[in-house]
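Next up: just one chain, as structure tokens, the form predicted alone.
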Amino acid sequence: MSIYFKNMDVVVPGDVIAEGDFKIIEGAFREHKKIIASIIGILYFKKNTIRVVPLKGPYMPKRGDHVIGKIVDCSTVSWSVDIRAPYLGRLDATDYFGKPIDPSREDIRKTLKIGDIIFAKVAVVDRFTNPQLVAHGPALGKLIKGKIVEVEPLRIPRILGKNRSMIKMLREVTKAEIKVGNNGRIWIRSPDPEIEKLLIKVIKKIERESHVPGLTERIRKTLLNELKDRLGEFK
């Protein structure tokens, strides 16, 4: 068996990735003994498996995903939420307040207005209804102030990092609040606007260079250098 690219190389349709009895997970096809890329993506191989993860693609909700959504409509008992998916999410008032409400007495539009941003969890996904969201619980709910960064949803695992190493490092170095949605939205908040600007810059860099080995340490050094130059906080 032979492999003609390194792990995490970018491949394009038609590239001969390997030859031999590899198991193809996604993003490639077999032609006789050759395994050929079918999409533009990042190559991952482990033991006898090959996967090409596309560089771009829409967000498709899955149960258990965390999403950052924008309120776009409201009824007496629920909100419609833009979650960057082909369809809107639905957030019932009971799943925001954590208890039943009486719509004849409570106007939920006073709590969440059109344009508000929320951090929610996908509770139900099926073919017949819009994804059902829950925004009641630890760390969930309305997001106040801060900045939103949008990236390709497929780059979110790299922004989180293995065992969440990347996102932990970003929080520790900048002391900023950061919430990451599987739908490719990232919310950041810091009392220092320069920190917010720096994080936006760094997050976009991670998105561009997600295939580069050793990225977490490189980003850490970049952050420390930037903070030293701009704020004089690090020696």
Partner chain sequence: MKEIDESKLILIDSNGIRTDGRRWNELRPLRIRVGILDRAEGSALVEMGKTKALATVYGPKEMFPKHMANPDRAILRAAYRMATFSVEERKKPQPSRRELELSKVIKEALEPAIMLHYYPRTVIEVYILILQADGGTRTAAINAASLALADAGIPMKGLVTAVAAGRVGDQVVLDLNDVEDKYGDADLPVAMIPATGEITLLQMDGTMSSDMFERALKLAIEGINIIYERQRDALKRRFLELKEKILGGEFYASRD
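Keep in mind that this is a model prediction, so the values were computed, not measured. Positions refer to the first chain, counted from 1.
There is another form of the same protein, the form predicted together with the partner chain; it is not shown, and what comes next is about it.
Asks: Quick check for you: of 153 to 161, 104 to 112, 132 to 140, 90 to 98, which stretch puts a non-hydrogen atom within 4.5 Å of the partner chain in the predicted bound form?
Replies: Checking each option against the 4.5 Å cut-off leaves 153 to 161.
Asks: Taking any heavy atom pair closer than or equal to 4.5 Å as contact, tell me whether residue 10 reaches the partner chain in the predicted bound form.
Replies: Residue 10 belongs to the contact set for the partner chain.
Asks: Please determine whether residue 171 contacts the partner chain in the predicted bound form, using a 4.5 Å cut-off between heavy atoms.
Replies: Because no heavy atom of residue 171 falls inside 4.5 Å of the partner chain in the predicted bound form, the answer is no.
Asks: Mark residue 201 yes when one of its heavy atoms lies within 4.5 Å of a heavy atom of the partner chain in the predicted bound form, and no otherwise.
Replies: No.
Asks: Flag residue 226 as yes or no: does it have a non-hydrogen atom within 4.5 angstroms of any non-hydrogen atom of the partner chain in the predicted bound form?
Replies: Answer no; every heavy atom of residue 226 is more than 4.5 Å from the partner chain in the predicted bound form.
Asks: Mind listing which residues of 28 to 65 have a heavy atom within 4.5 Å of the partner chain in the predicted bound form?
Replies: Counting only heavy atoms within 4.5 Å of the partner chain in the predicted bound form, the contacting residues of 28 to 65 are 29, 31, 36, 37, 38, 39, 40, 42, 44, 46, 51, 53, 55, 56, 57, 58, 60.
Asks: Assuming the CA distance changes by 3 angstroms or more, are residue 44 and residue 169 closer together or farther apart in the predicted bound form compared with the shown structure?
Replies: Pair moves farther apart in the predicted bound form.
Asks: Since the CA distance of residue 169 and residue 45 differs by 3 Å or more in the predicted bound form, is it closer or farther than in the form displayed?
Replies: It is farther: the C-alpha separation of residue 169 and residue 45 rises by at least 3 Å in the predicted bound form.
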